[in-house]
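Before any questions on binding or motion, here is one chain by itself as structure tokens, the form predicted on its own.
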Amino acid sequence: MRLTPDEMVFWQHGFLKLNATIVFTWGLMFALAVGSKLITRKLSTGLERSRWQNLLEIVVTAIEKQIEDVGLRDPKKYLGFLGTLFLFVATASLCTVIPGYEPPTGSLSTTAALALCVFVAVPLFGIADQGMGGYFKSYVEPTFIMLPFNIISEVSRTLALAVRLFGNMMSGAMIIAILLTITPFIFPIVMTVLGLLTGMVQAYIFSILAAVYIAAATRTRRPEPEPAPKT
């Protein structure tokens, strides 16, 4: 039983290695890129719309609503990044119904790359919202003594993102594989559905945590409504 898709090697020459993680990651990105191009090539603004456009609008609206609920003022500004994270992790899990496919999120290298994307995006969004000085000033608030602790917090939460997603995806795949080995004629469908549900939950958690980190970096606050004048 393979613990991660890294152990499935398709080609190797010396230290160069082409494993399942690389193949499935790039294949998944290619499928998402082609799929998005095909779905969005004939968008309609009229009353008659295709089923794919309706599905796309439902997904986009749901993601925007979740981003707004986290506390980010302009959801469309962060939709591209956070939506891509969610769709990649979710699609990686949904494709497990394909025979021979193993989700690349079951490899620590993939989850570490996703976490690094969040690590880079957080200060970029923070600087874009507050400026260079305003963002880095938050590292020394309320006193300069907090600087090392804030830096450690940035690094530790990036590691936590990578390890959490990797651990949950790998453990779920291992449990399903063990149960299917023990009782191959009883649990296949149930465990497959459970694996899909687990993958969707992990995609949601990962994207929401990324949104929370960005919201903390941009320090967005919803304006409080002005009190009505007393009559």
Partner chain sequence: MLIDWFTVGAQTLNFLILVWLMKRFLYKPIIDAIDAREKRIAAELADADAKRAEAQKERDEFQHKNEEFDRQRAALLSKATDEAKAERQRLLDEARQAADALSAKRQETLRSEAHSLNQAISRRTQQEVFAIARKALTDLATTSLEERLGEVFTRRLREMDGKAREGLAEALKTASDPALVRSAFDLPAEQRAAIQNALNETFSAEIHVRFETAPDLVSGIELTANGQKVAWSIADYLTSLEKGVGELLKEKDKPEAKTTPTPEAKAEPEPENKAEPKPPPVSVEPESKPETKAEPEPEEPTPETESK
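On a predicted model such as this, the values are computed, not experimentally measured, just so you know. Residue numbers count along the first chain shown, from 1.
Another form exists, predicted in complex with its partner chain; not displayed. Remarks below refer to it.
**Q** With the partner left out here, check for me: in the model of the complex, does some heavy atom of Thr61 sit within 4.5 Å of its partner chain?
**A** Result yes; Thr61 sits at the interface with its partner chain in the model of the complex.
**Q** For Lys76, is any heavy atom within 4.5 Å of its partner chain in the model of the complex, or not?
**A** Lys76 belongs to the contact set for its partner chain.
**Q** Just to confirm, Phe81 within 4.5 Å of its partner chain in the model of the complex by heavy atoms?
**A** Judged by the heavy-atom cut-off of 4.5 Å, Phe81 is in contact with its partner chain in the model of the complex.
**Q** Might Phe88 be said to contact its partner chain in the model of the complex, defining contact as any heavy atom within 4.5 Å?
**A** Residue-level check for Phe88: yes, a contact with its partner chain.
**Q** Name the stretch, out of 145 to 153, 130 to 138, 111 to 119, 92 to 100, where some heavy atom lies within 4.5 Å of its partner chain in the model of the complex.
**A** That would be 111 to 119.
**Q** Taking its partner chain in the model of the complex, would Val193, Ile208 and Thr218 all count as contacting it (heavy atom within 4.5 Å)?
**A** No, none of Val193, Ile208 and Thr218 comes within 4.5 Å of its partner chain in the model of the complex.
**Q** Would you mind checking 11 to 41 for residues with a heavy atom within 4.5 Å of its partner chain in the model of the complex?
**A** Residues within 4.5 Å: Phe15, Leu16, Lys17, Asn19, Thr21, Ile22, Thr25, Trp26, Met29, Leu32, Ala33, Ser36, Lys37, Thr40.
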